[in-house]
Structure formats: structure tokens, C-alpha cells
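Quick heads-up: it's one chain on its own, the form predicted on its own, in C-alpha cells.
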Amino acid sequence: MNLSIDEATQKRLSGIRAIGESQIRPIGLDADRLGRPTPPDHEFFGLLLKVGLGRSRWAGENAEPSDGEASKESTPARPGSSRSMLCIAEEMSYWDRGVAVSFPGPGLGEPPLLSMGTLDQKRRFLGPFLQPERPRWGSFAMTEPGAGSDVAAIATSARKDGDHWILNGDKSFAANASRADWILVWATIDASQGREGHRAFIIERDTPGLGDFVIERKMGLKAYESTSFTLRDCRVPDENLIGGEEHYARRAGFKGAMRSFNATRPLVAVMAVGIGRAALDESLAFAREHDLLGLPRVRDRLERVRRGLRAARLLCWRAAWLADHSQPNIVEASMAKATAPTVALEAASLGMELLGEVGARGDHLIEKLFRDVKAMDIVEGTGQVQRIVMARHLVQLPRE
């Protein structure tokens, strides 16, 4: 596995570091203090577009497959590759993961469009993100009030009606949904069919029946909105069914959802690595300032956290490298997602122990990171779900 990072990605990382301390972290602290997401008209989002962020990974219709890169034995992380995205995501999350998720762009709706979407759908929904003239957002909605980690249990229904589909249901904790141009929504045409009944639709902004947006209150990661919304007799045209009906005739619906998670779980996992790095750096600074580094148990625990974060990053990179080379990565994606948030939580917990009573004041960055990091074990499949996935593959644990 080639661990090198190409020059263009290195340049983007330098750009993020340049705005990390001056922009990203202060905006995150401000959102945490005010208890609300960064508003979509914030000037920071316009700045991101100027430095080339907030764009789609889709290279345009002239670069549709046949590029052959997926079969190469080894390639460095390059702009648009999964591992390049991981490098960027980790660095953004180091400065503030909430702000990182609030960045404009197609978000988690992009992987299903890339893997399942038709050329026309990529053109219509990802094309505007190639050279956006203003900050744009896409969103992804799988979670429901009664179906979180168990995605097979989604209840949002889709019924065919002529050349349209009628969707009804409730979705929750969809990032940036109320400000998005479109939301990629998962629904079922028949709950009795289980996973084979799943379909993915693009619901465009202002579609009648899409509404009741509520931005949820959270303990951390307050800079981005986690939104609940409803679908009430929401009419969606046939051409917004991701991949078209032929795709699902091949029983690829639920597999498409799983491929999406196998692409996004390493991304979420490496964001935890970024938070953990920030907690470790702040803990080291506090320990140094208060003469705690002379204590062997403190040094040992700091080293243990550093070692764990590096190992977690390699798990994430391994899963992304497999995805970039079109190889199965379900176990590796779950390993990354199960490991990284746990190590990051250990980093933040150690920081809180070192802070002592200072941590109880609620005004130290480590205390904020401690609240931020817990969600990383929950979103995109909890740690328990990842361990079940690994057990099924490694020791043939039965599904039922």
C-alpha cells in the first residue's frame, strides 16, 4: 500500500492548516458558545469556495470510468481519491469537526451518487458542485426515529404512481438538510422485502411534501446542523430514483447503501482521529505547563494515546485504499469505525483527567472536545454494530 500523498493534496492540507487556527477553530468555539449551527450565509463559506473547497469529487462526464486507475497496484493519495478525502477530513476535524461537517459540498450524499447514480444524475446533482458560484450543500438521510444503526429497519415508504414515486416517512439527524439543494433519502417499497426493498431517491429543495425541518439540540458538534424532517405524500419523479429501476432489479439496493457506508465509515473514523489529535496536543500543552510530564504514568498514557491514534489512522487509510482500488473493504471499514472513536475518546478522557477541576469550568477546549467526540462512536453505525459486522465476516456469526 502506497502511503505517499501527492503534491496537490499536500497543498490543500497546507491551506486548511492556514485557516484552521484563525478561522475554523474560532468559528467552532463560537457555535459551541452560542449553541447553534454556523448560519449558511456566513462569510467563511464563501472563503472556502475561493480556496477550492466545497466541490464535488466527481471529475465530470469526460472522466467517467474506463480510467483504469482502480486496477493499479499502488497509487498515492490524489485529489478526489478516498484517501485524499481522509487526509483533508482529519485535518479539518483537528481544528473543529463540527465546522468541518458544515462545509459546503455534496456531503455524504455524494458516495451513493458516485457508486450508483447514472451519468445524467451525476450531471444534474453533482455538476453544480464542480465550480459552484455560491456555497451549496447536499445531504444524506438514512436515520429515522425508529431506525438508527439498524438501517435494514427503515420505514419511510416509496410507492410507484405513474412516472412518479410517492414518499412518506420521518427522517432524523441529517446533516445540513435544511440548507441543502437536495437530500439523498433512503426508503422502502415494501418493508416485508427487507433489504431488497430499499431504494434511494434525490429529493430536491422545495419539493411539495418535504418539510417540518427541525434542527436538533446536541451536546457537542454544534457548528453544523443535524436536522429532522418529514415526507408527506412527497412526489418524486422517476429520474430521481438513484441508478434507475434496473439497478434495483439486480438486487443492488441495500448493497448500494452498504457500499455507501463502507465509503463513509472510514471518513467518519478518521475525523475521530483528528479530534483525538487535538485532544492529545491540548493535553500535552496542559501537562507541560503544569509540570505533569515528570510523572511516568502521565507520559505512559500520553504515549499510549499517540500510538493508538496512529494505528487508527492506518486502519482508516487501509479501508480507503481498498475502496480506491474497487476491492471489498467492509471488514476494514468496520475496524476503522470501531477503533478510531474509542481511541479519540480515550484521548479526550485523559485530557479531562489532567485538567481536573479546570475541566469542570466548561471553558477549556478539551472539555468541548470531550463533548464532541462521543458522537463519533454513534454516527455512521455505532461501535457495537461495527463489531457485529466484523464478527459476521471473521467468525461467521449468523445474521439472526
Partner chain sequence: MIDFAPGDELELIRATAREFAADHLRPGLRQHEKARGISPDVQRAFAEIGFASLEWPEELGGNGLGALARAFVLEELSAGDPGAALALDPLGPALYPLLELSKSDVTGELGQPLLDTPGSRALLVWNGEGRRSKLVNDRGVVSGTVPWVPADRVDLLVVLDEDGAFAVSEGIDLKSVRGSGLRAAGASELSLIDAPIRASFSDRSAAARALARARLYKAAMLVGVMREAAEFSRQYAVDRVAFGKPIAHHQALAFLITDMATAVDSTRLLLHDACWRIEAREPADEACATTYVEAIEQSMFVTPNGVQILGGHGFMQDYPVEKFMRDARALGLFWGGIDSAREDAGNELIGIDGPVPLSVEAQL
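Computed from a prediction, not measured in an experiment: that's the story for all the values here. For the two forms, the rigid core is made up of the largest set of C-alpha atoms that agree within 1.5 Å on superposition. Numbering follows the first chain given and starts at 1.
We do not show the form predicted together with its partner chain, though everything after this point is about it.
- This chain is displayed alone, yet in the model of the complex one of Arg134, Arg195, His164, Arg299 has a heavy atom within 4.5 Å of its partner chain; that residue is Arg299.
- Put simply, of Arg265, Lys222, Arg199, Arg313 only one has a heavy atom within 4.5 Å of its partner chain in the model of the complex, and it is Arg313.
- Each of Leu293, Glu303 and Leu309 places at least one heavy atom within 4.5 Å of its partner chain in the model of the complex.
- Checking 36-44, 22-30, 50-58, 335-343 against its partner chain in the model of the complex, the stretch whose residues place heavy atoms within 4.5 Å of it is 335-343.
- Under a 4.5 angstroms non-hydrogen atom cutoff, its partner chain in the model of the complex has Trp317 among its neighbouring residues.
- In the model of the complex, its partner chain sits within 4.5 Å of a heavy atom belonging to Ser84.
- Taking the partner from the other structure, its partner chain in the model of the complex has a heavy atom within 4.5 Å of a heavy atom of Ala391.
- In the model of the complex, its partner chain lies within 4.5 Å of some heavy atom of Trp321.
- Contacts between 9-38 and its partner chain, taken as any heavy atom within 4.5 Å in the model of the complex, involve Thr9, Gln10, Lys11, Ser14.
- Put the two forms on the same core and the Cα of Gln384 is off by less than 2 Å between this form and the one not shown.
- A displacement of 2 angstroms or greater separates the C-alpha positions of Thr9 between this form and the one not shown, with the rigid core held in common.
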